[in-house]
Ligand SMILES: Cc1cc2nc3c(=O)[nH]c(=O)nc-3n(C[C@H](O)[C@H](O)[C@H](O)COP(=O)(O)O)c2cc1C
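Presented below, as structure tokens, is a lone chain in the form predicted alone.
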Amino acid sequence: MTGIESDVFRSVLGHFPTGVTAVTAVNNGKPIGMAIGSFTSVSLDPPLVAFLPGKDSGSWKEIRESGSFCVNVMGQDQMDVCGVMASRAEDKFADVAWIPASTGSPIIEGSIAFIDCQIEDIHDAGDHDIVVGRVVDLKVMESKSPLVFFQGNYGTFG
């Protein structure tokens, strides 16, 4: 016990801006997606990245079962897509255009870039997991301003 209240923790860390991504996969033929701000590069050799989903996320459970995922870097014009990926909608891809990456995971139309991965390792981290992915393909799709999250709000960097 640290004595740090979760609302204070969230408020202080909310002062650190993060990029916004949509992590996607296909499980049992169904496209899955979730909004993630906790994405980072890990290693150049081998090429590894990581994201940190909440353990109680239903989308994360389905992505985990699939064994692979694709990170879609969201652009400033994709706030609506981000909202869908952050929702608990049954079919998050009903109105979201996508094409399959090499793993079959969705590459969302209009994303700045994609990073397609196989799940390499999963580490316990309190109420979250640390998911390490081995990059199998990646590409910049469109150069534009990113969608960022800062102090509880979405915005952009211009």
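All residue numbers are counted from 1 along the displayed sequence. What you are looking at is a predicted structure, and each value in this text was computed from that prediction instead of being measured.
Below, we refer to the form predicted together with the ligand, which is not included among the displayed structures.
Scanning 115, 96, 101, 34 against the ligand in the model of the complex with a 4.5 Å heavy atom cut-off leaves one residue, 34. The contact residue chosen from 67, 126, 46, 58 relative to the ligand in the model of the complex is 58, the criterion being a non-hydrogen atom within 4.5 angstroms. Proximity of residue 25 to the ligand in the model of the complex: non-hydrogen atoms within 4.5 Å are absent; the residue sits far from the partner. Mapping the unseen interface onto this chain, residue 52 counts among the residues with a heavy atom inside 4.5 Å of the ligand in the model of the complex. Looking at residue 81, you'd find every heavy atom of it more than 4.5 angstroms from the ligand in the model of the complex. In the model of the complex, the ligand sits within 4.5 Å of a heavy atom belonging to residue 85. Although the ligand is not shown here, in the model of the complex the stretch 8 to 24 places heavy atoms of just one residue, 20, within 4.5 Å of it.
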